[in-house]
Each structure stands twice: as structure tokens, then as C-alpha cells.
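Below you will find one chain, with nothing else, as C-alpha cells; this is the form predicted on its own, and questions on how it binds or moves follow later.
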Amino acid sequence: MSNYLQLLVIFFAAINPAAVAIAGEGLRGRTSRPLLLAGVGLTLAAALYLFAAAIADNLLDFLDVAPETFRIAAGIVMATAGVYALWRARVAVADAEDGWQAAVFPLAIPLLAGPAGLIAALSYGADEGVWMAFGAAIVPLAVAGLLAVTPLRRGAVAADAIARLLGALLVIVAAGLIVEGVRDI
């Protein structure tokens, strides 16, 4: 499997668009322009992912943390988010703000730009490069942004199942990161 395709799958698991769709139920009806809400939230989240991937090397140098050690920490954070999604089939989030503020909180932060996704951007930004990590993150971000403001209707059961499967996949990816980090040390 190519590195990009592998990263794309990892970011789908880390961002978990199905869990975002379930958690986004509180966003529906908060604004008369859901696509504008999704666009603003997606733009802000994409900027955060690009920033995280871009500063990865400098941040690790500043913190004096080896990339191998950071992989272990990233695996722990991603495993925690994966177990939560597996258990609850959603992303942890508080009530949504009214109006356009809902695009910032909770859509951009923490639904689209959550701990698992941002830590993945940092880790893979350091390992694979800024544009590879950002390019792999933008596709699941766009899918999640649109699903967050789209009514699920009969797709709620399917979204629940997919969210749990992506949570399980994230736990697997996290275990691989931890093992790779330990092996490289």
C-alpha cells in the first residue's frame, strides 16, 4: 500500500467522520446555513491540521523529544480516542453554541480537529512531511465536515457501526505506532 493511501486510512480512523456525524446532531438546526457552518468549521480545522503538520519537527526539537518517543505518546492518545469511539460510537463533545459560533466550537474544535487527528498530524508531519500528512487529512476532514451538518435520518445505525469500526481501526493503528516507537528506540 502506498504511503499516501496508508495515511489516508489512518486519518479516516483518527478523524472518524461517522462519529463526527453522530456527535454533530447538536449542530443541526443551530443555523439556517449549514453549509456555511461546515465551510467555516472545515477551514479552521484544516488550518489547524496544516499548522500541526508544519510545526511538527520544530515542536519536537523544542520539547527535546525524539520522534520515536513521540510515536509512543501519539499511539497512547490515539488509542484512547479509538477506545472511546469503539465504546460510545461518537466523539466526546459538549453542547453546541448558537449561530456561527458553532462552526468554531464544537465543529472545528473538537469534532474535526480533535486530539487524535491533531496528534496524528504532528506525528506523521514529522515522519512523512507536511504536505503528505496534510493531504491525507484533508479528505476525511471534508467528509466529516459535511456529515456533521447533514441529517442522518435512516443512516444513524450505519454511522454508529462505521464509527465503532473506525474506532477499532484507530486502536490497531495506535498499537502499531506504539510498537514501532518502542522498536525504534
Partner chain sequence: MPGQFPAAYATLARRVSFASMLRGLAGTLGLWAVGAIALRAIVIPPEQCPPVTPDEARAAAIAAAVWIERAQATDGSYIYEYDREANIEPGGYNVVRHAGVTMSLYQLAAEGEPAGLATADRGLEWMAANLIRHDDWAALRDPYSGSVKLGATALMLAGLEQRRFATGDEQHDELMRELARFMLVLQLEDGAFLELWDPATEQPNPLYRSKYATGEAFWALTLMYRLFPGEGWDVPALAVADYLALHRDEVENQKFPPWADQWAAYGLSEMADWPLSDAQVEYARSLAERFGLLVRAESQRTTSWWSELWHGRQARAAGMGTWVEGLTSLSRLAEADPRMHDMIDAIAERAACGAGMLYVRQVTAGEAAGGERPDLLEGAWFTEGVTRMDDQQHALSGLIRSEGIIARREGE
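Computed from a predicted model, the values in this text were never measured in an experiment. Residue numbers count along the first chain shown, from 1.
Another form exists, predicted in complex with its partner chain; not displayed. Remarks below refer to it.
Highlighted residues Val77, Pro115 and Asp184: every one comes within 4.5 Å of its partner chain in the predicted bound form, counting any heavy atom. The shortest heavy atom separation between Phe70 and its partner chain in the predicted bound form is within 4.5 Å. In the predicted bound form, no heavy atom of Val157 sits within 4.5 Å of its partner chain. Among residues of the shown chain, Tyr84 is not one whose heavy atoms approach its partner chain to within 4.5 Å in the predicted bound form. Contact annotation: Val65 falls within 4.5 Å of its partner chain in the predicted bound form, judged by heavy atom distances. Checking Ile119, Leu27, Ala46, Ala38 for any heavy atom within 4.5 Å of its partner chain in the predicted bound form turns up a single hit: Ile119.
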